[in-house]
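Quick heads-up: it's one chain on its own, the form predicted alone, in structure tokens.
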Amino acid sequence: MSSWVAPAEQGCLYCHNPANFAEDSKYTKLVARRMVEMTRHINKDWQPHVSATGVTCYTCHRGQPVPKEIWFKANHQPYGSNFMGDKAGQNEPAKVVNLSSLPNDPFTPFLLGAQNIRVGGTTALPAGNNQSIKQAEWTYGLMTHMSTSLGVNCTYCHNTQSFVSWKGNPPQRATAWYGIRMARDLNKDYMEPLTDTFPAHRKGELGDVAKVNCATCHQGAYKPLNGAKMAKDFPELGGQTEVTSTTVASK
């Protein structure tokens, strides 16, 4: 964990009080304990997304105390003139949507909230077709993020004959479906509850804690670290169900 997360000059002391390693006086230790629980939860309960590959602290941190790819709620600002109206969270090219004018915080509604991820209705007007152009733009913002985060294009998950239908889609679409819900689960049940634990300098402009999205783990690869089986040697993190005598002997 020290090599995965802690600054080199601090090592174990990044989380521990050297006078009493069991003491919880540092916020980093409280956060680390919860992150271990989160990692176990991912490896045990989210196998439809992570499969047998699993995750460790390194999956997100890559040797840094703060993962490179995190997000905070955006502080949307209106135009300078009331005549021009509200930007409504877009028309401010941002990296998260590949420098497009799409809504630049597609994470709050979909990876923290549970808004429908839709582009259009499945029936003709007026019955059922209540997905607005604005809603479609938020969806495209999320899809753009997913595409750039994994280094793939739309056809990696979708059958272009019908982006709505699940028929004929590659299996990656189901994996992505679980991934969206996994990120939502982690943000809601693990990251947000740490709001009072993190100091102010570790929070966003609106006072919220850092949260995860697809890029946090993937960082441009279709599979994190190109599919390396990260958790198999760490049963403490839920990487395998039991440690056999053969496994112990081999170490």
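Computed from a prediction, not measured in an experiment: that's the story for all the values here. Each residue number is its position in the shown sequence, starting from 1.
Although not depicted, the form predicted in complex with a small molecule is the subject of the following passage.
The small molecule in the model of the complex is approached by N153, whose closest heavy atom lies within 4.5 angstroms of it.
In the model of the complex, the small molecule sits beyond 4.5 Å of every heavy atom of T195. A residue is said to contact a partner when one of its heavy atoms sits within 4.5 Å of a partner heavy atom; K29 meets this definition for the small molecule in the model of the complex.
Put simply, A19 is far from the small molecule in the model of the complex: not one heavy atom of it is within 4.5 Å.
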